[in-house]
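The form predicted alone is given below as one chain in structure tokens.
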Amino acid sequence: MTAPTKPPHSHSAAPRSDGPLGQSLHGAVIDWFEENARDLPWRRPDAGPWGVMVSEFMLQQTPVSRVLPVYEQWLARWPRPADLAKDTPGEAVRAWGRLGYPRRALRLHGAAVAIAERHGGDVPTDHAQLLALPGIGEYTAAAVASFAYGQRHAVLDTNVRRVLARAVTGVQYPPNATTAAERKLARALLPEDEHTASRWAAASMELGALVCTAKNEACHRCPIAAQCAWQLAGKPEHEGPPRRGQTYAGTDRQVRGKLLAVLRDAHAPVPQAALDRVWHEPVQRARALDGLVADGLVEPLPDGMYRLPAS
């Protein structure tokens, strides 16, 4: 099998942050960000590191418009990690509402407990300590260190990966999972100055969210369109595996959501019969309920009763 050819305008050697490409990207994108950044509550100075961390958990696979009201309610109820740590995991799941992927609520609660126990209730500033918190992976640790503390880290979410894939590599979409080559490229492009690096992280992410979008990209509004490798190559179509959107209707995810909604709305244990009413197919319903129990999102009680986790 022949090796795939590189896009005609891709930059074959990893660009340097202090090279002409890196400097031109940084300046143009950061200048654009200063003029066009959305006014989001977790970007304001009063959000603090805890507000940044909460937003990063909530924004994973969830659009800003759905996160905003839940974020505001969450911070009003639990303004510090210690406040959340004192409450039960079930209350975190209840407050998560319909954001989806509710295991994130359990992980955020676990992180709050660890922050209260290990760090005196303050979100740690050290990247390694952030990474050691339960539920925090490579992306979230880098994002909190960068956005909350202005540190120099490569922050690679889907939006940033898409910007780099198009602007530097010359392809329409990044791989399905983050690769070592993407991490190497992101580190190579990272500005040396801490403040500039943290602004670049936020600015490149915003560019991917607002302009360099997955569909209907607005190249005419892009501050780096003139040097974008994908644009210069004629915007070639994606050549990898087909990119399929996630289905929801009829899936176990939908059934799990319906079961959790019953438990969230109840402030006392719920009988099996009440859960049976939310989905007609008994095998799928039982599988979904078993999955919720296994994930720690639902606690079974004697006599066929269920509740959100109390501990």
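When you see a residue number, it is the position in the sequence shown, counting from 1. Computed from a predicted structure; not experimentally measured. Definition used throughout: the rigid core is the maximal C-alpha set that superposes within 1.5 Å between two forms.
This protein has a second form, the form predicted in complex with the DNA, left out of what is shown; the following refers to that one.
- Residues of just one listed stretch (232-240, 77-85, 212-220, 119-127) have heavy atoms within 4.5 Å of the DNA in the predicted complex: 212-220.
- Though the DNA is absent from this view, in the predicted complex it lies within 4.5 Å of a heavy atom of just one residue from E182, E194, E91, E138, which is E138.
- The DNA in the predicted complex is not approached by R187, whose heavy atoms all lie more than 4.5 angstroms from it.
- Using a 4.5 angstroms limit between non-hydrogen atoms, T158 touches the DNA in the predicted complex.
- The DNA in the predicted complex is approached by L59, whose closest heavy atom lies within 4.5 angstroms of it.
- With a 4.5 Å cutoff on heavy atoms, Y101 counts as touching the DNA in the predicted complex.
- Residues from 39-66 that approach the DNA in the predicted complex with a non-hydrogen atom closer than or equal to 4.5 Å are L40, W42, R43, E56, L59, Q60, Q61, T62, P63, V64, R66, in the order they occur in the chain.
- Comparing the forms between this form and the one not shown, the C-alpha position of Q60 differs by less than 2 angstroms, with the core used for superposition.
- Core-aligned CA deviation for N36 between this form and the one not shown: less than 2 Å.
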